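In the block that follows, a single chain appears as structure tokens, in the form predicted on its own.
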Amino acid sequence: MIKNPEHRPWQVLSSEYLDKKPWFTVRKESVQLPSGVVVPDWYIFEFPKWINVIAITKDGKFVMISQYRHGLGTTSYELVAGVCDPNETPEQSAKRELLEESGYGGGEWSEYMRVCPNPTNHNNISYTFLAIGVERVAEQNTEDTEDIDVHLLSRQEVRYLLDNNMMPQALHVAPLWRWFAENR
């Protein structure tokens, strides 16, 4: 059995917020490593918990979306994803986001995977949920900043997207590859 590695936290010598906005909260810290090295400028980006959903319909189709992502300037396929509201659990947020972005709901839900977007300088976790047997229960109810198309894709089509690097979102690709590894 593999044990967790030895915990060697850095000592925080000072910490100050540079900006606090809903989508951009960053603090600068001066830290000392266990070796004694002092790093005067270490930046931490604070985000709420994130979620995404591998949603599979009763007839075995994957509920995928596509939307434009301004950071990369591309439109690509993705899992339904979003941010946890402060008063919600990750599972509640995942169910809400699936319903809002795709109109799908129901099914059997389980937490599938947890990953950190970038543990070097992000403080949050992204939770993936697996929802089996979902069905269309409502119309999409997207936010003003969302322009989302819903796609029902076969297992083979999702695998094609992965094999051909057609999904740039690492937090979506990792759980999908795990799903394919476990469901050969």
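All residue numbers refer to positions in the sequence shown, first residue = 1. This structure is a prediction, so every number in the text was calculated from the model and none was measured.
Although not depicted, the form predicted in complex with a further copy of the same chain is the subject of the following passage.
Contact check for residue 132: every heavy atom lies farther than 4.5 Å from a further copy of the same chain in the predicted bound form. Put simply, residue 83 is far from a further copy of the same chain in the predicted bound form: not one heavy atom of it is within 4.5 Å. Among residues of the shown chain, residue 151 is one whose heavy atoms approach a further copy of the same chain to within 4.5 Å in the predicted bound form. In the predicted bound form, residue 77 approaches a further copy of the same chain with a heavy atom inside 4.5 Å. Heavy atoms closer than or equal to 4.5 Å to a further copy of the same chain in the predicted bound form belong, across 100-117, to the residues 113, 114, 115, 116, 117, ordered by sequence position.
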